[in-house]
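Let's start with one chain on its own, the form predicted on its own, as structure tokens.
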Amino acid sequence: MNNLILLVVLPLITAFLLPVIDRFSTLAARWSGPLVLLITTFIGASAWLQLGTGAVSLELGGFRPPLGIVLYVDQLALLFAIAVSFGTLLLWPYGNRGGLRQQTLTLLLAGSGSGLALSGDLFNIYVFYELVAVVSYGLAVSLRTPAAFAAAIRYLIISGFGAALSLAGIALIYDATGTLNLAQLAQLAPEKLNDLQGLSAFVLLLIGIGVKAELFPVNTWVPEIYATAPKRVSALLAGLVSKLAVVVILRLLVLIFPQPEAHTLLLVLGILGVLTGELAAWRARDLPRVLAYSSIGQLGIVFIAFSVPGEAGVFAGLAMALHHLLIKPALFLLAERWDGSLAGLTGAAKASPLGAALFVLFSLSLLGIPPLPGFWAKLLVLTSLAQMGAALYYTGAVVIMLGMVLEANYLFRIIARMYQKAPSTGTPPGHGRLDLAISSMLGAGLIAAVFLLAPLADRLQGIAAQTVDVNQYIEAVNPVPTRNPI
């Protein structure tokens, strides 16, 4: 298991060496990134098979926690670390798209994203989160257009504001406990963070980290970035980066802030996210913005699910998050050639029959049409909300169903336009072979999930059960007690 540090180190080192390699061989530099990502994916998959249902803690530098750097490896952390390596491999800027600069940034995203998924203390979470943020800024302006720079500046301002809030929240936690190690915080939280200071720290961290998780109200950067960035970058941000932020929020909620007030706040913000996202998607008039606002709405459902205490909420939220991780990158890849006004999609099915068919498949799953995985994920969320038996949770269920109606309206409207007869002036362009191949692969995975639903659900439920097991987390890390916590 000690080789799991390579998931973080290999991409970061390669990213810094890439310009040097490029001086000697452009071909070697072009394929160094995919090779490294393939290796890290293999390392992660091998560790997944070895780990089983257990959890381990890796102490870097030989220092025991909470003094040393700790990587915590359980099924949840490893699942998303593998998703980062494999996702960046799929969405790599092949064909020299974006050049050496974008390849370097993609490797930095892979390394920092894996570090974020595996980190076991708030300090390293903050460091890797900020590294992901800096890389995101660079990727967002890959096209170097005035619109892209304007959107990136707005993103930078909002993200900088979020970083300041996160740092303030971490400072409040350290002031109350004297440690930033998550396992030790889980031990101290019931006594030292179960008050107004603790709740304030959670609010600051939630809003700060929620910038990348597309959480209401700090998600106003989303439509502009996704509309002006290359669609592969949009796929990375919507599919991977947002999920890493969601995982961090989940860890904080389970380990440090299990208070009812924290769950209620998450529920309210999730409801507002669904309403604002789906209404804005319904009004949008170009495909990238439709997908961007839809992403806000879907992540709102994830937060609503996580607001349900216990295993049921985590199970439902992870199902929604993983479904979104699969669907949204594929849709953004399809949007690569379908940019611009929705009116321009007339006749798109004739130009790209497979692309249009894949768009229909992903849209049906996004809507929750049985027997596609999206139906079962939303059913889990609605069932967990109904079991709570509280008015606010019933409100969340009603809002989700209202969002499904709005989704059906704008997605079927887009599909109908695609299959209309194209005007004589011409049809929209077809899709590139690579984009279509990756979307087809993700579509095949979606269909395979229909037939593997039972084993996938069992495994995901096991991940949820392990995630909410605070005692297992503490025992795996086994931090040295702080003698004089503040």
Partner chain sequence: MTPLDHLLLLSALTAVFTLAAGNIRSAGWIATLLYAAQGLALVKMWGMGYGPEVADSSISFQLLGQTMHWRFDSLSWFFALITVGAGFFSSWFASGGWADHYRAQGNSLRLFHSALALNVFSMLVLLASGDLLSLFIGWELVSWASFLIMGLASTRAMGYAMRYLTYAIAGAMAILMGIVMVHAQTGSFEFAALAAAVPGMSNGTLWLLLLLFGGGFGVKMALVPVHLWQAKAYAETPGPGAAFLGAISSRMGLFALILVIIQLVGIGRLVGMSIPYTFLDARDLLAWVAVFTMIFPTYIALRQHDARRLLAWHGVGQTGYMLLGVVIMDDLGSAGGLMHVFNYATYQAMLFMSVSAIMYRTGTADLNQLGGLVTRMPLTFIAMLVGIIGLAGLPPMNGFVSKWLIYRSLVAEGMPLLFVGAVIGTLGTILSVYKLIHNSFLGQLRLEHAKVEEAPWSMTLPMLSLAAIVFLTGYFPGVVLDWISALQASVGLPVLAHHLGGVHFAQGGLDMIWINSLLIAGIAIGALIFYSTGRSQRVHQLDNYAGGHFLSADVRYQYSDNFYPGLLHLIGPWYRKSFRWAESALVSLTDALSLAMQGLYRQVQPSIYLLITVVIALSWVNIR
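Residue numbers count along the first chain shown, from 1. These numbers were taken from a predicted model, which means no experiment stands behind them.
Keep in mind the form predicted in complex with the partner chain is missing from the figure; the text below concerns it.
Only one segment in the set 327 to 335, 113 to 121, 222 to 230, 132 to 140 has any non-hydrogen atom within 4.5 angstroms of the partner chain in the predicted bound form, and it is 222 to 230. Put simply, residue 416 is close to the partner chain in the predicted bound form: some heavy atom of it is within 4.5 Å. At a distance threshold of 4.5 angstroms between non-hydrogen atoms, residue 157 is in contact with the partner chain in the predicted bound form. The partner chain in the predicted bound form is approached by residue 453, whose closest heavy atom lies within 4.5 angstroms of it. For residue 420, a non-hydrogen atom is located within 4.5 Å of the partner chain in the predicted bound form, even though that partner is not displayed. Between the partner chain and the residues 190, 340, 310, 370, the one pair within 4.5 Å by heavy atoms in the predicted bound form involves 370. A heavy atom within 4.5 Å of the partner chain in the predicted bound form is found for one listed residue only; from 147, 401, 164, 357, this is 401. Taken together, the three residues 199, 382 and 457 all lie with some non-hydrogen atom within 4.5 angstroms of the partner chain in the predicted bound form. Along 200 to 227, residues 200, 203, 204, 207, 216, 217, 218, 219, 220, 223, 224 each place a heavy atom within 4.5 Å of the partner chain in the predicted bound form.
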